[in-house]
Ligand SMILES: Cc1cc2nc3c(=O)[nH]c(=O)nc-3n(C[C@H](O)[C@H](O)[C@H](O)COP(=O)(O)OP(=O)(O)OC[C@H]3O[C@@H](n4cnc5c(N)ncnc54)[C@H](O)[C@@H]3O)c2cc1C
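Shown next as structure tokens: one chain only, the form predicted on its own.
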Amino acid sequence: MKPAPVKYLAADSLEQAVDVLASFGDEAKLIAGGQSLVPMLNMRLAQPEVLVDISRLAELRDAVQGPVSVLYGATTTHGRIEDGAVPDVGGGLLAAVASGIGYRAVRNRGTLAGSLAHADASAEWPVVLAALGATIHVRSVRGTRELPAAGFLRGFFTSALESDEVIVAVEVPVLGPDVTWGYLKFARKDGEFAESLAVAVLRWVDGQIANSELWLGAASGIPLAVVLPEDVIHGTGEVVARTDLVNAVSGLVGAARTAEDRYRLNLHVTTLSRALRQAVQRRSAHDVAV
């Protein structure tokens, strides 16, 4: 399969890229890694008038370490995150996530912002960045905006990004020593999109859970925040009843009326339970090390 005829522009600057987006609107598409867009072009699912290549813009590849956060340039590749070529705010979380995306050839080209802009809730970065409280920096000829990663996806392949905007960076808070994480992705084969993925981020005070961020991906058109009652996830968090997780998840994904529904519900509950257990176990390992 080959794409329909399309004009190609290798942008010399970010200003040129946003000018073209403003001129062409929905008829222009940005391309950097192209790991999602190129297959869509080949299958004629996308037929833009012009492709604007931003992969050569050095300003979008930088990762800037700040005192409380890291600003990752839009074209930071999964491979660079996996290899530790940029700071990992999560103490290994981002590298663990990146290493499970597609195959190495995909990770060498695929980018952080490209995954977000594609807006697939089965992808890793939308749910992980939501759990981490990340902020997405976007730009257009109209100016700049900062959008929370939580809520960035609005539905299936739909995001808060306007047609004339480009993601320039993703700002992610650094997890402090009082925070632990757990992450689990379930896919039938390595390299495939998730059937379920879960992230657990726990903040501890005096050996007790003070705050929890529990998120599910691939369960809906958007990442889902799972909220447990305070009397369910408290103390050391070592025991969370499965029935409590079932109640919380079913409230988000709907009642399990069919065998397929029950399978999906149990899959998401299991994924979340294991991610939560990882986060708790990391705290135990930290206490032993100390």
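Sequential numbering from 1, following the sequence displayed. Treat the numbers as computed from the prediction; the structure is a model and nothing was measured.
Omitted from view is the form predicted in complex with the named molecule, to which the following refers.
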Quick one: from Leu30, Leu57, Leu245, Leu265, grab the residue that has a heavy atom within 4.5 Å of the named molecule in the predicted complex. Leu30
Partner-contacting position among Leu153, Val127, Ala219, Ala113 - heavy atom within 4.5 Å of the named molecule in the predicted complex: Ala113
To test your reading of this chain, name the stretch in 81-89, 210-218, 127-135, 96-104 whose heavy atoms come within 4.5 Å of the named molecule in the predicted complex. 96-104
Taking heavy atoms and a 4.5 Å cut-off, does Glu171 contact the named molecule in the predicted complex? no
Is there any non-hydrogen atom of Val70 lying within 4.5 Å of the named molecule in the predicted complex? no
Can you tell me if His118 lies within 4.5 angstroms of the named molecule in the predicted complex, counting non-hydrogen atoms only? yes
Would you check, heavy atoms only and a 4.5 Å threshold, whether Leu37 touches the named molecule in the predicted complex? yes
Could you list which residues of 162-176 come within 4.5 Å of the named molecule in the predicted complex, counting heavy atoms only? Glu165, Val166, Ile167
